[in-house]
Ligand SMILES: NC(=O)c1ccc[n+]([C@@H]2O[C@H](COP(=O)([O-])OP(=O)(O)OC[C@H]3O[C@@H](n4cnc5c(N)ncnc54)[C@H](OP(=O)(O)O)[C@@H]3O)[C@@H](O)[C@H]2O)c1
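Starting off, we have a lone chain in the form predicted on its own, written out as structure tokens.
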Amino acid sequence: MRYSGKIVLVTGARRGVGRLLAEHFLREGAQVIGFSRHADDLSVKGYTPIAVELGDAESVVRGFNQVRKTFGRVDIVVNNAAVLTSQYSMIMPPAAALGMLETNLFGTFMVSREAAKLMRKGKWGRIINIGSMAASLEPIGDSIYAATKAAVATLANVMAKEFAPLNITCNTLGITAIETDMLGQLPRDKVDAVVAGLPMPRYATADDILNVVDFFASERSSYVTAQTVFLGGVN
């Protein structure tokens, strides 16, 4: 079991990609902490849900205080939580734009910095951000969402330099469309058109995502940092 003895934190663990990541780490022997805004219904041995509002700095700090008291450390963090409102810029509700900035970017910043404070004691850590093909493809209607995902990769690259002396790596996985609740918010014909234009024109699978996450999280990937890997041939 590749993650036996590891403490793993996944944000947005209640559903979608976050849930499949949490379940994967559990299957592979990790103790998993799930940060999510709402009550989490996953009740299995080794899983600890914590209610955290990622756009609220104090809520994130409280969440990490609980992690510190319960586990004393965290080894791997996957910044997965994100919100998406796809809308033309001129009619994008300002509150929706702000919500994406707070959760997707500021939340990732707060979780990464608080995680690094715990990781530095053991001088080992892996911070993995779940990005999006939107950062590269820049689809119409996704101005703020794409900007936040591009910013997350830049954030990881800068943090990679800051945290390198602590043996903490920071990397980003840019995923393509996968069947989730978030995808269900978008018009399927438009998503299909984007997928059809990919060098490898198919939807992502769970294994596509887990393969790269396992690579970034591996003990053997200590020399891999400040990298973004896009699925499906996106560049």
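Numbering starts at 1 and follows the sequence shown. Everything numeric here is computed off the predicted structure, so don't read it as measured data.
If you look for the form predicted together with this ligand, you will not find it shown, but the lines that follow are about it.
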Self-check item: 130, 177 and 180 each touching this ligand in the predicted bound form (heavy atom, 4.5 Å)
Solution: yes
Self-check item: The unique member of 208, 53, 28, 192 whose heavy atoms fall within 4.5 Å of this ligand in the predicted bound form
Solution: 53
Quiz item: Is the gap between residue 38 and this ligand in the predicted bound form 4.5 Å or less for some heavy atom pair?
Solution: yes
Exercise. Give a yes or no for residue 112: in the predicted bound form, does one of its heavy atoms lie within 4.5 Å of a heavy atom belonging to this ligand?
Key: no
Quiz item: So, in the predicted bound form, is residue 24 in contact with this ligand at a 4.5 angstroms heavy atom limit?
Solution: no
Self-check item: residue 86: touches this ligand in the predicted bound form, heavy atom cutoff 4.5 angstroms
Solution: no
Quiz item: Just one of 73-81, 154-162, 112-120, 89-97 has heavy atoms within 4.5 Å of this ligand in the predicted bound form; which?
Solution: 73-81
Quiz item: So which bits of 1-31 sit within 4.5 Å of this ligand in the predicted bound form, heavy atoms only?
Solution: 12, 13, 14, 15, 16, 17, 18
